[in-house]
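Taking the form predicted alone, here's one chain by itself in structure tokens.
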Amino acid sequence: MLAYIGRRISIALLILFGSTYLTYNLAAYSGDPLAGIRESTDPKKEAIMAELSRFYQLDVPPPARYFLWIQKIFGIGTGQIDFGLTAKRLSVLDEISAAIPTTLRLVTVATFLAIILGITFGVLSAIRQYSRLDYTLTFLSFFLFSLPIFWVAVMLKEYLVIQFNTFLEDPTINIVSNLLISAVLAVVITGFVSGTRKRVLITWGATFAILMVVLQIASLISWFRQPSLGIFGVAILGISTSVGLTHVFAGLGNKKALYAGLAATGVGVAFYYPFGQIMNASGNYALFGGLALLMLSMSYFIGYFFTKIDKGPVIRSAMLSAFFVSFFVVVDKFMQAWAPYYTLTDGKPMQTDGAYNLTLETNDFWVLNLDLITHLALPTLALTLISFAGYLRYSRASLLEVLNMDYVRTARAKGMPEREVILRHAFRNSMLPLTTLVAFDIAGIVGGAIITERVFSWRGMGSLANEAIVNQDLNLLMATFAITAFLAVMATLVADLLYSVLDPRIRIRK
């Protein structure tokens, strides 16, 4: 294994050298940083051109200049890493250091949401092939996949920011809007229901009626201005989620898993008021992380002590239930911070530009983090919608291929429950084709999202790369390219190693 890893790292270094060498030379030969000055009538033109020639080292041919660049970034001879200066005479390393956290905050959440939701719904679509759910998800995936990201981003800014902020000035829904919204949402929800036409119509009618009532009540009590779940809302959502998760991962016939999940939910609901007292306006991330770790640890022991055999499904049910009920408690705290945040933002809580509000005057932990969320919500949603469609199609096709294999038929013939066939046998092997895609997407997180960053005015790695190309800034361009290229080749290595973990038939030759 070590020999294999060594060989792959050696190959990766050669690929990095070749790609950076070609990129540097192509970028250097493709543009002339002195082109604008040559056409100038400034009497100091020659002096300026001489200064720029020294700064860009234009007296050195690009192939040789590349090795000077390599010498600097590895600190050869100086002992200090130096990525050089940008065209604006700023440190490239400082610019990269400032952009990476912004990009991570923007792209990480969207990437992991797209992976989790895409694979989950892709598996559901494959299991219920040619059902109403499958057709609904197939239509949704093709529709989202065909949308250009810039158009999605602009539409989200228009309707989820501008129109929504206007709506909050008088947060009431008239009867016509209520009917239309409820009908559309009921159609979407009913698309996930299988069965006879009568059952589907009954489901649509019940869903439509419930949504009408809920939206009407929310409108009457101005819930959109002062939202809250309360302990009863958290309990209802937590119990419903726990039952649903148990049904998917263990089956409702597994009473131990069901009871463990409900017990973990009960513990989470019991912590509703203590959590609010501990995590008040002066809360911090360390305390928040400690409470989260405590909740997950307690849920693990709840699942562990609920049964003596086949502990995996029971522990999984308890921990997932604890995670989601804790999530609902945190969401409720953010909802309670919505009213003061609305006041601080002059009635415009949803944001369109930037990573945070520079003029927000508060030290409230929940209000400050709500500000980060409102700035993050739209770009995250835009990126998730586009990526989600691809993962859904890939995971569906991969699982369908595995379900037709002989060992799956054998497992079914032996009388193994369908849930066990899917989760323990088919799903694991269906992940093999997705491993490379997931690895590259995770590695590409640091690369940024050029279009999304520009639309929402985020200065991340994507914006830096675009700026470097437009300004013919070779140092900045090579720094962004080198980082993303390194992560890409490492992603390939990680994907190869994961193959042997997911499929025991694959062995690395020593």
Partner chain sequence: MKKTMIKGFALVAASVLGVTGLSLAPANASAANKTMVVQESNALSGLNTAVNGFNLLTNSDVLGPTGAGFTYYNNKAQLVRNTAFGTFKITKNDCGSTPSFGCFKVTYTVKKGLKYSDGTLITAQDLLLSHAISSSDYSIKAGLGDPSEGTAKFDSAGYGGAYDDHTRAESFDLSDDNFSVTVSYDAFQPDWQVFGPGPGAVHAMVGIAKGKKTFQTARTNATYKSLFEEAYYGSIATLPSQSDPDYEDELGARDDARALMKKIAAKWSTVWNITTVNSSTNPLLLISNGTFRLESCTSTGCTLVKNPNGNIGGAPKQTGNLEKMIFKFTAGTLDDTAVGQAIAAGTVDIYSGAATSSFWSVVNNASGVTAFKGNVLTYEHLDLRTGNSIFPMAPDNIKTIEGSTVNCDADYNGPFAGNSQQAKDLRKAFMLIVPRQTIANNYIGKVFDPAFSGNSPVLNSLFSLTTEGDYAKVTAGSSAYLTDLNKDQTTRVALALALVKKYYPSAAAGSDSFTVKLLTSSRPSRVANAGLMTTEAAKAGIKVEHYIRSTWSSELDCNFFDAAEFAWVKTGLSQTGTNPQYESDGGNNSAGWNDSTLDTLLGEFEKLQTATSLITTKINAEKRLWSNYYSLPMYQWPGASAWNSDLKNILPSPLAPNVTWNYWQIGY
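Superpose the two forms; the largest set of C-alphas matching within 1.5 Å is the rigid core. Numbering follows the first chain given and starts at 1. None of these values were measured; they are calculated from a predicted model.
Missing here is the form predicted together with the partner chain; even so, the following discussion is about that form.
J.: Would all three of 97, 406 and 410 be in contact with the partner chain in the model of the complex, where contact means some heavy atom lies within 4.5 Å?
T.: Heavy-atom distance to the partner chain in the model of the complex: none of the three under 4.5 Å.
J.: Is residue 427 a contact residue for the partner chain in the model of the complex, using a 4.5 Å heavy atom cut-off?
T.: Taking the distances in the model of the complex, the answer for residue 427 is no, it never comes within 4.5 Å of the partner chain.
J.: Can you tell me whether residue 455 touches the partner chain? I mean in the model of the complex, with a 4.5 angstroms heavy atom cut-off.
T.: Contact with the partner chain, yes.
J.: For residue 255, is any heavy atom within 4.5 Å of the partner chain in the model of the complex, or not?
T.: Contact with the partner chain, no.
J.: Applying a 4.5 Å heavy atom distance criterion, does residue 359 contact the partner chain in the model of the complex?
T.: So residue 359 counts as contacting the partner chain.
J.: Which of these residues, 161, 331, 127, 262, gets a heavy atom within 4.5 Å of the partner chain in the model of the complex?
T.: If I apply the 4.5 Å criterion carefully, the residue I get is 161.
J.: Pick from 177, 108, 120, 226: which residue has any heavy atom within 4.5 angstroms of the partner chain in the model of the complex?
T.: The option sitting close enough to the partner is 226.
J.: Just one of 69-77, 392-400, 427-435, 212-220 has heavy atoms within 4.5 Å of the partner chain in the model of the complex; which?
T.: Of the options, only 212-220 has residues within 4.5 Å of the partner.
J.: Of 388-405, which residues get within 4.5 Å of the partner chain in the model of the complex if you count heavy atoms?
T.: The stretch does not touch the partner at all.
J.: Cα of residue 37 displaced 2 Å or more between this form and the one not shown, core superposed?
T.: Yes, the C-alpha moves 2 Å or more.
J.: Taking 2 Å as the cut-off, check whether the CA of residue 49 shifts that much or more between this form and the one not shown after a rigid core fit.
T.: Passes the 2 Å threshold, so yes.
J.: Just checking, between this form and the one not shown and with the core aligned, does residue 58 shift 2 Å or more at the CA?
T.: After core superposition, the C-alpha of residue 58 moves 2 Å or more between this form and the one not shown.
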